[in-house]
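Presented below, as C-alpha cells, is a lone chain in the form predicted on its own.
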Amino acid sequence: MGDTLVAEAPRVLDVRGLSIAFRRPAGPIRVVRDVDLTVGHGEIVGLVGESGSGKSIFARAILGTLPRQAEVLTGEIGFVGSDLRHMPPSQVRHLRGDRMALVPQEPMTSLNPSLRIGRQLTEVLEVHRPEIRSAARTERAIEMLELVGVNFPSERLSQYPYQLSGGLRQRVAIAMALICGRVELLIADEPTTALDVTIQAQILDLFVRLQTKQKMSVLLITHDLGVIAQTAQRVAVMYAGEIVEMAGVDDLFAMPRHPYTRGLLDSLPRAGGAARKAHLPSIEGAVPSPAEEPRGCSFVNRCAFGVDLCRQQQPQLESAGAGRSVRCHRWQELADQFVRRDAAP
C-alpha cells in the first residue's frame, strides 16, 4: 500500500501556544505562557504544580470562564477538532456542563447553599436536556447519586449542601458534572484537597471507576504528585505559568528530568524513608510573581543547579526522548543525578 496515511481522530483536548494575561494600567501580566497540552480519548492527564503556577486559570480558559480582568492573548484551544476560542460564547456555554464538565476544589463554594441538592442536579438537565420530563429528571438525579456512592440518594435530594459532609458534597459535585451522560472532557481542579486522607482515597477510586465506565478524558489538576501516581497515565508539570516537563507517569517518577520535578518528588513522604521526626526535603523559596517575568529560566532563583546561562537565556521546551519533553538548559548533564532508585508512591 506504500505510504498511505490514516487520518488520526482529533484529540479530545488539544491546546497549542496558549498565553493568558491579566489586564492592568501598566500593561498585561502574563500568568500562562505558551502552553501546549493534549488529552487523548479515554486518557487521564495530570497537571501538577504549586499554588500560583497557573493551573486553575489554564482550566478556566478551556471552560470559557476566565474572570473579566483576564484574557487569552494567543493560542488555540481545540476540543474534539473545534477551536473553542473561535466559537460564539453561547455555543461554549452549551458545551460546558454537557460535553465538558468541571469538578471544583471546594464544592461548598460551587454548590448553591440556598437550593436543595435535588434542585441543583435537575437544573443541569433542564438546561442541557430539556426534552427530559420532570419525573425522569428526578429519577436521573437519584441514579447519579447512587452511581457516585451517595447513600440514601432519594432522601439527599431534599437536603441542603450544609447538611452533607465534605465527602458527600464532593460526590454531589461529581454527579452534577456527569448527570447529562455525555461528558467527553472532565476537568477536576484539586478535587481532593479539601478532604481528609481516607475520603481522598475514596474519591480518587471513584474518579478512576467512572472514567473507565464512561470512557471519559480527564484533566486532573493538583499540587500532589501522589494523587497523579494513583490515577494518571501522563503528567505535565507547570511552574510559573509554563510547562517545564511532560512525561508518562512511570517515566517521570523513575527519571525526573527537570530540577523542579525532582524537588517535588523528593518532598513526597516515602515508606522506609527518613526517620519520623526528620524534616522532609523542600524547595526553598516561592513561585515568582507573574509581574516579575524573568529574563532567563523562571526556576533559576530556587534551583541548586543554576548557572549563568540559566539566568541569561530562557530555556525552550525540548524533546527528552519518546513522549517526553523538558524545559531546562542542563537536563542532559543532570540526567544521571536525577534517577530515582525507588518506585512511585
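Everything numeric here is computed off the predicted structure, so don't read it as measured data. The first residue of the sequence shown is number 1, and the count goes up from there.
Although it is not shown, the form predicted in complex with a small molecule is what the next lines describe.
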Notebook entry, point to check: Which residue, 43, 293, 34, 50, has a heavy atom that falls within 4.5 Å of the small molecule in the predicted bound form?
Noted result: 50
Next item on the list: Note which of 285, 67, 281, 27 lies within 4.5 Å of the small molecule in the predicted bound form, where distance is taken over heavy atoms; exactly one does.
Entry: 67
Notebook entry, point to check: Any of the heavy atoms of residue 317 lying within 4.5 Å of the small molecule in the predicted bound form?
Noted result: no
Next item on the list: Indicate whether the small molecule has at least one heavy atom within 4.5 Å of a heavy atom of residue 242 in the predicted bound form.
Entry: no
Note to self: Against the small molecule in the predicted bound form, would residue 56 count as a contact residue? Criterion: heavy atoms within 4.5 Å.
What the structure shows: yes
Margin query: Whether residue 184 contacts the small molecule in the predicted bound form should be assessed with a 4.5 Å heavy atom distance threshold; does it?
Written below: no
